[in-house]
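Form predicted alone, single chain, as structure tokens, below.
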Amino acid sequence: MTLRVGVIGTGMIGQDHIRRLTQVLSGVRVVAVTDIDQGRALTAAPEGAEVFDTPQALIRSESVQAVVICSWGPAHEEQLLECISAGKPVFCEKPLVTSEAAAIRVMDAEVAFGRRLVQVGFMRRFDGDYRRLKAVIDGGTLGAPLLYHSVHRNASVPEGLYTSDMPLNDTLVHDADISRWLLDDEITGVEVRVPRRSLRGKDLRDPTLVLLHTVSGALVDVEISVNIGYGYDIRGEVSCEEGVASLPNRPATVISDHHGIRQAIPEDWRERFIDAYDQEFREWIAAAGQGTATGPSTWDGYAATLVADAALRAVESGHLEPVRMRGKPALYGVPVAVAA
């Protein structure tokens, strides 16, 4: 069976997902698109796809079986609630929503529906390197994880569009989610420190150092540098009781020439995580075809939202800011035990 998909939002990530769904993956067809910019939607629409005036019309269309949301973050809540009301599986790019209250409304609606419908676009969980790292941690051969070091470096970000809050409420969500997933732990508090600013970042608060406290007592430090200049560099290393496990540098090719010996660095997120994006959609298509969702859930999107909110408070207060989560609904699996 071919899954008939509608795509909301045809900006950079929306266009990349349309390419993926039409040219790379099987068992799926993009039958509908919509965007606030109708001209852009018309240009991005694959041959034969219908262009809708509104997200609501696309979601309610009988020709659409499942939905991919790539719109502006503040629009996600309304679109997610519409998908849940229609009973249609939905892939939502991060952020899930932009406030704790919105996350709770979406979660309550999905729980009331009684079946998972939402998958959040935390693509790192589908990356082969991260999956191998998690297998090492879960295997227990290195003992309990004690520290996780996460590095998130961008060559540059759009001047005037990327603000000083975005390392904490946009970029950090990937590191927060992958830390929770790797360590099988919840985050209880956030600290933020801002070192000497990079001149490359001009007026931005960049770089930023974030410390995440977890239920188990393990600590996660996250370096976020968004104007590092040399490329898109993602790193991760977990220190355990009996040893250390790290992500490999990507790409793994080492170049030797008259410039010396060096290792190439990906230019951007599309190059580094292209296989992960493909795999997350393979798994989403399989689940959506069964009328449900797997992978990162509404609960995971809610958790990332709380961490981002706490980080924004922490950068202003200079103190450890708590992350207080509601009880985890059974729909999203077994909750992490809270230390006595």
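Throughout, we count residues from 1 along the sequence that is shown. Given the structure is predicted, the values throughout are model-derived calculations rather than measurements.
Note that the form predicted together with another copy of the chain isn't included here; everything after this is about it.
Ser246 is the sole member of Ser99, Thr188, Asn169, Ser246 with a non-hydrogen atom lying within 4.5 angstroms of another copy of the chain in the model of the complex.
Shown alone, this chain has one stretch from 170 to 178, 261 to 269, 70 to 78, 112 to 120 that lies within 4.5 Å of another copy of the chain in the model of the complex by heavy atoms: 261 to 269. When contacts are judged by a 4.5 Å heavy atom cut-off, Asp129 counts as touching another copy of the chain in the model of the complex.
Not displayed here, another copy of the chain is kept clear of Asp203 by more than 4.5 Å at the level of heavy atoms in the model of the complex. Although the partner is absent here, Gly140 is not a contact residue: none of its heavy atoms lies within 4.5 angstroms of another copy of the chain in the model of the complex. Within 4.5 Å of some heavy atom of another copy of the chain in the model of the complex lies at least one heavy atom of Glu242.
In the model of the complex, another copy of the chain lies within 4.5 angstroms of at least one heavy atom of each of the following residues of 20 to 52: Thr22, Gln23, Val24, Leu25, Ser26, in sequence order.
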